[in-house]
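Next up: just one chain, as structure tokens, the form predicted on its own.
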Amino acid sequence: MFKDSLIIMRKELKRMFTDRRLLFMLVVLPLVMLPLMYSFMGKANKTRRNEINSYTSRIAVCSGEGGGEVSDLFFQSLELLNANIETTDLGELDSLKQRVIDKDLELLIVMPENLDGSILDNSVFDFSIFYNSTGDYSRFAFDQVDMAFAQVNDVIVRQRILASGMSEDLLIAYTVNKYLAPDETADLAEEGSVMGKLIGVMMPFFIVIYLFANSMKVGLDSVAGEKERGTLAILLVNQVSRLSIVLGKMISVMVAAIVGAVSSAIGLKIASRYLIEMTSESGASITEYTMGSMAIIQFAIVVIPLAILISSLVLLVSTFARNVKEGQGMIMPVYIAVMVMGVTTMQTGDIPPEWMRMTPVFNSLVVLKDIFMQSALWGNIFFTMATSLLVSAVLIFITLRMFNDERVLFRI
């Protein structure tokens, strides 16, 4: 039986790996696409940040009555920003708000009345700062003005403290990491741990997507395609058991899926340096990421059963479908569901809910994330492997039942 399965597997693999177009889709495309994609994203992100930081904001200021020395402090803080300051009066308030809406202005500041009087009374005064959250420049200008005014606030509070005869040390209750040794760092994350987290968030998603996509490319043609070409009926009349046919085709689909997933993993590893550019961070925790031999073994223990599960699912659909087109329509909702699973796992944080660790596919994604973050537990790894193989066995059994019933296999 297994000899026949190997013969069928070799036939399927020869067909796949001699098809240049299919080989390009399985190996070359994910290997090249991910570095190119993240290179473009990294450069675009860096260019956008530089553009926003160098942009000259347009800020309108409506001065209230009774301004004086204190008002000058706030105006001087604005002059230190990369901004064109336009002074106006409250009579133009509505038109200025409309200009902010139209993105003709980044910011509108309404100064409170009688600032100096508020200082003398030690009372709180309030600024009205209007911005447009849909504009990157407007949001950036708001943050810059907020920081500038906060510095002026510190000056005013210090003056109030000193004027009351108290020490300005009252303003400081504590400091953070001020007295660390020059060679000491506060970030105790292990080497590569930050990069491991970045890769751990994204890599499982791409792996499961490419496992599924490559299984679809090969698996739908493996049975449904042979139905269309009329070659499946010829194969069935030979002295080969149906189980051998199912296993041979499933293994070939699984090999194609794993080849594509490994290619995408290598592509994402190459693209990891562009992830560093996007994070704007540095240090050993983000630049020194390595994946040890034990992590590679854990990776294989999880990915191979996951590939078997996905290949079994695709082969089941391919067996039931009359042709490749019908199979594509039937498998697409499942493909979308798997994509949603991947995106959901990306957003779970460090501690996923327990139900994810109990659910097939979900638990594989969660454990893969743990592996890349170098925090995987062997108990979770083996449980994930067992659930994937158990579901795969059920799917293979159903597929075999279909192969043994021509009414279902050919939908008579």
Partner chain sequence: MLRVEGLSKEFRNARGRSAKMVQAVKNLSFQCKPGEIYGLLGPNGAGKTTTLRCLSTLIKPTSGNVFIDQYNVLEHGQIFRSKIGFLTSDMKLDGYFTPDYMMDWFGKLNKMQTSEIDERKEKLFVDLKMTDFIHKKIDQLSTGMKQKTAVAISLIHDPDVIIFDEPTNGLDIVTSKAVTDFLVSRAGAGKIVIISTHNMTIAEKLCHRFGILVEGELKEEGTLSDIIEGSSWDNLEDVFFSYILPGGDHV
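Just so we're clear, the structure is a prediction, and the values are computed from it rather than from any experiment. Residue numbers count along the first chain shown, from 1.
Although it is not shown, the form predicted together with its partner chain is what the next lines describe.
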*Does the trio I7, K11 and T231 actually contact its partner chain in the model of the complex, every residue with a heavy atom within 4.5 Å?*
yes
*Using a 4.5 Å heavy atom cut-off, state whether N84 contacts its partner chain in the model of the complex.*
no
*Give a yes/no on whether S164 approaches its partner chain to within 4.5 Å in the model of the complex, heavy atoms considered.*
no
*asked:* If we define contact as a non-hydrogen atom of the residue within 4.5 angstroms of the partner, is V237 a contact of its partner chain in the model of the complex?
replied: yes
*asked:* Residue-level contact is defined here as any heavy atom of the residue lying within 4.5 Å of its partner chain in the model of the complex; does S241 satisfy this criterion?
replied: yes
*Could you tell me which stretch in 332-340, 223-231, 135-143, 259-267 has residues with non-hydrogen atoms within 4.5 Å of its partner chain in the model of the complex?*
223-231
